[in-house]
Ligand SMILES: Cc1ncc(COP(=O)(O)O)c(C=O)c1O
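The chain that follows stands alone, in the form predicted on its own, written as structure tokens.
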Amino acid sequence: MAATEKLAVMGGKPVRTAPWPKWPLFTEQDVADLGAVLRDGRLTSITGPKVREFEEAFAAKFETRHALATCNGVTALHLAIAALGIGPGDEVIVPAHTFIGTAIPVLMANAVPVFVDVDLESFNIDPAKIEAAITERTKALLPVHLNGLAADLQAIQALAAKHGLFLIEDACQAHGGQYRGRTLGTLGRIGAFSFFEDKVMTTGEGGMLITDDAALYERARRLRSYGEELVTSIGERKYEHTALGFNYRMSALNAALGLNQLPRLEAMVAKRNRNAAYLREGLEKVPGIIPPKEVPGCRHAYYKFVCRIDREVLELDALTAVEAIKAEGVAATPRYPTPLPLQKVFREKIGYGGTDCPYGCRRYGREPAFLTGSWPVAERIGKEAFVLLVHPSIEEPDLQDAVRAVRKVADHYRK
């Protein structure tokens, strides 16, 4: 494509005008199973068996002893933190470049998220920078398998063991991803997943906590439903509350979708990897565009295909690139332009009810600072990273258009 071709965002002819393929796609079986739940009328985990069926199927698929369905990924992480007894005065280490849903559960426990910079190539937390952030108040490491790629778990596990810390895996973007032959979410004390609408597998809304620890599972199970004493039979309740709990339950409708998604997970991840391979091959030939890293020994789940702009080659930032690519008819989004610790809710230490808790908690006794320049890699990625989609409804002609659109934009902005 000629370097002088006029961009669509500047009035030129777009690469494509056809709508971008939708995701998620549901089957007639999904529709039938939702109808069956509605006809049955037992829509909750308290009254009906569907949620428990999904939990058992998920545990079997992920080869873990216990699975607990929740209403979203944030609540799965919150239950993990609460079940581990993390609370006021405690710190949890999280990456500076991630979705805010990783840090919110820490605040929900009145603990303090301590942000650590990330690796430029993988976008995941940089293990080399974790140890300097560990204090006597640190209770857990919370790495994220961002975009579907495993964090460096060998190094992170070693740090957790050395300092006696809990390891919680945020696998909300990594269903079906692997690290050295093991499924992501199963290598820590607890793993958490999200089933939001656009995830690798979806129930519309929903989440899952998994663990091999029976005591942690029982504690989380109690907290999930108002801190109630547990009963063994569906439909029975004691109305005895022994802990400060929540209503984080999944509905039977979400569980019905999840049960149908599980058998399709391997095929969906395989299609995402094929689509990613096609994009990588095409974009590696475009000067100034850096496709996402492949890591030996890891199976990427490719929730998102995240590229970086080499700004020594292109006079271009991520937000400008996204608008130009979208104008060409190809789906594209920025990827967390502002690091979490530099967003207002953290920078100004905004807590619940207009307070500065948990930062001002008397049990904490510190004054964290959220200053520009403290997380230089995360700040750089925010200016350089953009997302292309590789979900299973995308076919080769769509991928060809994506490569053409990115090349067209890169050609225009080449120095």
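One-based numbering along the sequence shown. The model shown is predicted, which means the values in this text are computed figures rather than measured ones.
Not pictured, yet referred to below: the form predicted together with this ligand.
J.: Should Arg299 be counted as a contact of this ligand in the model of the complex, where contact means heavy atoms within 4.5 Å?
T.: Close contact is absent here: in the model of the complex, Arg299 is far from this ligand, nothing within 4.5 Å, heavy atoms only.
J.: Can you tell me whether Val144 touches this ligand? I mean in the model of the complex, with a 4.5 angstroms heavy atom cut-off.
T.: Heavy-atom contact with this ligand at 4.5 Å: present for Val144.
J.: Would Arg308 sit within 4.5 Å of this ligand in the model of the complex, counting heavy atoms only?
T.: Arg308: no contact with this ligand in the model of the complex.
J.: Might Asn254 be said to contact this ligand in the model of the complex, defining contact as any heavy atom within 4.5 Å?
T.: Heavy-atom contact with this ligand at 4.5 Å: absent for Asn254.
J.: Check for me: heavy atom within 4.5 Å of this ligand in the model of the complex, for each of Thr98, Gly101 and Gln173, yes or no.
T.: All of them do, each having a heavy atom within 4.5 Å of the partner.
J.: Pick from 374 to 382, 38 to 46, 65 to 73, 351 to 359: which stretch has non-hydrogen atoms within 4.5 Å of this ligand in the model of the complex?
T.: Correct option: 65 to 73.
J.: Could you work out which of Leu184, Leu77, Ile210, Val200 is the residue within 4.5 angstroms of this ligand in the model of the complex, going by heavy atoms?
T.: It is Leu77 that has a heavy atom within 4.5 Å of the partner.
J.: Any residue of 190 to 213 with a heavy atom within 4.5 Å of this ligand in the model of the complex counts; write them all down in order.
T.: Ser194, Phe196, Lys199, Gly206 sit within 4.5 Å of the partner.
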